[in-house]
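Below you will find one chain, with nothing else, as structure tokens; this is the form predicted alone, and questions on how it binds or moves follow later.
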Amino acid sequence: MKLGDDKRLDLYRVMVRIRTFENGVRQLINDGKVGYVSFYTGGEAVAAAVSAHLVKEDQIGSTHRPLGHLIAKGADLKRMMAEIAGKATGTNKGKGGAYHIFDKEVGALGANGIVGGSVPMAAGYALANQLKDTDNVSISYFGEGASNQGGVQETLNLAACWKLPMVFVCENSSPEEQTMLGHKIDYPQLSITDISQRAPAYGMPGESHPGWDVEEVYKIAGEAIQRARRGEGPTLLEFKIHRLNADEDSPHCPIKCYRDKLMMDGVLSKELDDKIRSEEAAKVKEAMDFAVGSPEPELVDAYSDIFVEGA
């Protein structure tokens, strides 16, 4: 699958947008304007490449690291930033925060603070697509830890049994990078080398690939998404990624890797790179100003738009 220059630059721009947005959130955290956020930094190639195959009517179910997924799917930057800041203008009117951002306008159907929690939800949307006889697909993002959850395993089985139009995308942090709540994990979470090894047990295709090469991710994800659109059922994809800090010094930084590749191929120049980064920085600055300047939710609205058991 040979990509045109415009598509390659689009992929690069989305990755830059994700990193720039997260760095904007970091700045607001340092300024005391927002609270803790679990960052997606290092996974930009996966989100950008997968969503490049999606239309607005397709759905994604995200994780506790949702910012990259939602940005790549087209969620509004200003309303996202406002939600992270807990403001009334946010996607959830300031009541969900970073771990529950939801933008139905673009099919971004929920971040989830529960490990693996969005996987059964994504299958529900896939079933709805199937029953409505559309060619829309549902993407379920989760991590290597969530791959061990019972609900995830049950969803893999059900999706295969019903040939649901969905793709399971596991973003597996490299073992040497794995941490939990800021502490390095010294005990194994997995008894297998590749999470995709579980796919045959459920009767679906599965593949594992590096997750920092955006063009490879684009090719692999595209094949799985087209398979789902044709009604041939789900696929389990695993992309190995490295959780990174804000800079681009790592040899596994997807933005640095792709920038170097595009420059070597003559698709990207320093001047064009500066232009892209400047434009994305301006969008993020606008989102930050919007969030900081937005009003707090009103106390009288505390129980509006939420489900209260027994009410």
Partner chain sequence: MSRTITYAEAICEAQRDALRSDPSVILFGENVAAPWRPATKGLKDEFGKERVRDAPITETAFIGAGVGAAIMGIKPIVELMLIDFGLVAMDQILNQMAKTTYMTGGNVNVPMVLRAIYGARGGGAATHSECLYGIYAHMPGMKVVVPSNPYDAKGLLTTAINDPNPVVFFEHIRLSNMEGEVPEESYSIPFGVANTLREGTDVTVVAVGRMVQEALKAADELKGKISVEVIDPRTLVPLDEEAILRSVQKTGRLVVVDEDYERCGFSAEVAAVVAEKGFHNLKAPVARVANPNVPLPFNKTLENHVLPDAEKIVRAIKNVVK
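Numbering follows the first chain given and starts at 1. Predicted model, so just to flag it, every value in this text is computed and none were measured.
We do not show the form predicted in complex with the partner chain, though everything after this point is about it.
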- Message: Using a 4.5 Å heavy atom cut-off, which residue among 124, 222, 231, 205 comes into contact with the partner chain in the predicted bound form?
- Response: 124
- Of 93, 78, 227, 209, which residue is found within 4.5 angstroms of the partner chain in the predicted bound form when only non-hydrogen atoms are counted? 93
- Message: Considering non-hydrogen atoms and a 4.5 Å limit, does the partner chain approach residue 306 in the predicted bound form?
- Response: yes
- Query: With a 4.5 Å heavy atom cut-off, would you call residue 103 a contact of the partner chain in the predicted bound form?
  - Reply: yes
- Closest heavy atom of residue 86 to the partner chain in the predicted bound form, within 4.5 Å or not? no
- Query: Counting only non-hydrogen atoms and a 4.5 angstroms cut-off, does residue 129 reach the partner chain in the predicted bound form?
  - Reply: yes
- Message: Heavy atoms within 4.5 Å of the partner chain in the predicted bound form: which stretch in 214 to 222, 139 to 147, 236 to 244, 110 to 118 meets that?
- Response: 110 to 118
- the partner chain in the predicted bound form: within 4.5 Å of a heavy atom of each of 154, 158 and 302? yes
- Within 4.5 Å of the partner chain in the predicted bound form, which residues of 51 to 86 have a heavy atom? Give them in sequence order, or say none. 59
